[in-house]
Every structure is written in structure tokens, then in C-alpha cells.
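Given next are two forms of a protein chain, the same chain in both, each as C-alpha cells and marked structure 1 or structure 2.
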Structure 1
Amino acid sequence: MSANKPKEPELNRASLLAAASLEFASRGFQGARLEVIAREAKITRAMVYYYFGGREGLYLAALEEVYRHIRTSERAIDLDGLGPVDAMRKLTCFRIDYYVENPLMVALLAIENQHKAEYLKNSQEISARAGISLEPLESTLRQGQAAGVFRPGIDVVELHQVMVSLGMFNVSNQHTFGAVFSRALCSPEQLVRTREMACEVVLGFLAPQASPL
């Protein structure tokens, strides 16, 4: 076997998690059918239990994978040579685009919120790497504060909350908001406006406060 060729178990695991994410996102935790997941992954149902121990283990693994993917994607953003304002714009736009391009993550998190994070709380990986996931944002924030273009006293988790909220809304509320206001939130034209709005909101939140008169 070539040293560069992935081992068969890894190929099965990746295929299985992709099928599981789609099935759980479509049908919820209880409604998802393991036989459908196994068939889509081209493995037997017994292998689902072999890899993950059953429904809960597979669901948790799917959650961990979507968190792993967004964390890896954000850390791969090239911010070299950018000033803190432009870097913050790039990170903000990433959040807007990422959720639109990865709606399964939004759907899985909606399901997990319905369960009050019952399963996510069992993941040591997600909680242990929460700080790592904030590193690009925190580094940019600190650079901007050092340069005097961002105000001091910003809680990076709250800044992250603002950016996530602006990004996830376009996917989680696209149908209801769109029906009420006749706005296609995920259309290319609207996303241009949303990116601009999101950058204004984030940079406005970060802007140094005006000196009192």
C-alpha cells in the first residue's frame, strides 16, 4: 500500500460522518435512521456501532466534525500583510459566507440547541478547543488595540458572539425572514449588502469611543 494512500477505516469514517450530518440535519436526532446513514456511506449498520457505538456517539462525532471544519477553515485564512481593520473585515466576511456555504452546521446546531446542548456537553474536544478557535480573532483584536484603532476592554467571546449571530441569521432565519420581508437572505446580491452591514456593525462595536466634550 502507498504511504500516501489513506487507510480504509479513515475513508469509511469520513464518508460516514458526511452521511450522518445530512441525515441528522434533515431528520433530527431521534428521526435520523442509522440504516439510511450506513447505506449512504456504503457500509453496514454494524459498522456504525463499531466506529461510534450507536446513534449518540455518531451524532456527537458529527457535531465535533462541523466544529473542527470551521475551526480549521478560519485558521487557514491568510491575514498576512493586512492591517487589523482589514483583517477584521476579512474575518467578519468569512463568518457571513461560511454558514451560507455550510448550512448543515447551522441545522445541526439548531437541533442541539433544541436539546439544550445535552450531547455537545459530552464532547471534550469541542470545549477543550474553544480557546484555539478564537485565536485568529483574538490576535487581530489585540493588534488593533495596540494600534489604537480598536477600543480596549473588548471581551473576545462577545465579539465572537456578534460575528456568529450576524452570520448564522442568514441561514437559520432565511425562510421565515424572507417570507415576511420578501428578502432572499442567501442570494448573491443580498450577501454583498450583508457583508458590508456586518463589517460596519463589527467595526462600529470595536471603534474607539469619542472623547467627551
Structure 2
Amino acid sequence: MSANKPKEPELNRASLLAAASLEFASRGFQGARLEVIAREAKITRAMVYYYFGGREGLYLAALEEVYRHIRTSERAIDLDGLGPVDAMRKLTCFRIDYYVENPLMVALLAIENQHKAEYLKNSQEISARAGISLEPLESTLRQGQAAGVFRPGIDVVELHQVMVSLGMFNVSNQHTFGAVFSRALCSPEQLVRTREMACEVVLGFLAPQASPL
């Protein structure tokens, strides 16, 4: 007869990882209980050590997973046939939507920042791939500038920062903001408005006309 459980290393590893993302995201690095993660994955705590070496390895694996996911999603954006303004709108809406649809990434980044990004800094995997995401944004920006619809002198990292700030805050602070202003930021109706607001913000920032003085 075989062992107690069917031996499904890949499946069990994946279950642990999924449970870990949730538990770390909702209770923090220290607050997360390996016991809870193991129970949720329908496996024993010992397996956390067997597969990931412990709390830190598990956390790092979860963090790498969310970064891998957003990189893949970004690469899949299709801007073919769009003019610079429409392409910029699409990039903006992507970012608003992505964080709403992937709140776990937002939560894990909050945890990671709580720890001053010490784990991310130690991850070869993540750092190595960091730069790639700005290429579509940068080429869209250049096209628009060449066409005269965007103004010159824009730092592409700052432009990215504007988009990420709006998209991230919309999810990361939805509960406190919602409580204070009685507004459910991530409801479908509000999401439509936020998407449009973000496009207006980005296009206003890039508009060639100087701000009125």
C-alpha cells in the first residue's frame, strides 16, 4: 500500500502557495500562521518546511508569484492599430482594472513595503525582470509626442507613477476611504467612473497646452 496521501507534489506545492498568498495578504508577514496556511491547503505544517524551507521562503515565493503574474499580463496588452491617445487610455484602464482584479498583489505589496522591501531586494528573480514593464508606455509616449498630442519633457517613470498611484490607492485604501467618504471605490459603478477619471488625469497631465495661469 502507498503512503497516507496520494503523492501530488506539484499540486500540494501550489495549494500551499495559494493559501500562503491569502494568509500573508490578510494578516501580514508576522501575523500569518503557518498552521492556518497548512490547514487551508489540506496538508500539514511540516510540508511548508519541506517545500519552502519555512515562513520566509514561502512568503518570497508568494511575492515572486504576484510579480510574475503582472509581468505576464502586461506583456499581453495589445496596442496594435491604436493611436497614441487611445493607446494611453488603454494602458491607463489596464492598470486601474488589474489591481481591482488582483487585490492580493496590492495587499502583498503593502506587506512588502511594511518591511521596506527587504525580501524583494533579495530576490534575484524579481529584480532581474523589473525594467520591462515601461516599454509599451514609453513608446506610446514618444509616438504621442512626435504627433504633437503629448507635450515634451515627460519622465516616463513619473508617468507610470501617476497611473500606478491611482490604480493602487483605489484598491489599497478602499476601506478607509470608503468609510470616511461613504463611497465604495471598487463597486462596478464607481469603477467605471474611476477609469474615466484616471484617463482624464493622465491625458490632462500629458496635454500640450500649458496649465492655465
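What we label the rigid core is the largest C-alpha set whose atoms superpose within 1.5 Å from one form to the other. Residue numbering: structure 1 sequence, from 1. What you are looking at is a predicted structure, and each value in this text was computed from that prediction instead of being measured.
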- [ ] Sort out for me whether 1 or 2 is the form predicted on its own.
- [x] 1
- [ ] Note yes or no: does the Cα of residue 31 move by 2 Å or more between the two structures after the core is superposed?
- [x] yes
- [ ] Superpose the two forms on their rigid core, then report whether the C-alpha of residue 17 is displaced by 2 angstroms or more between the two structures.
- [x] yes
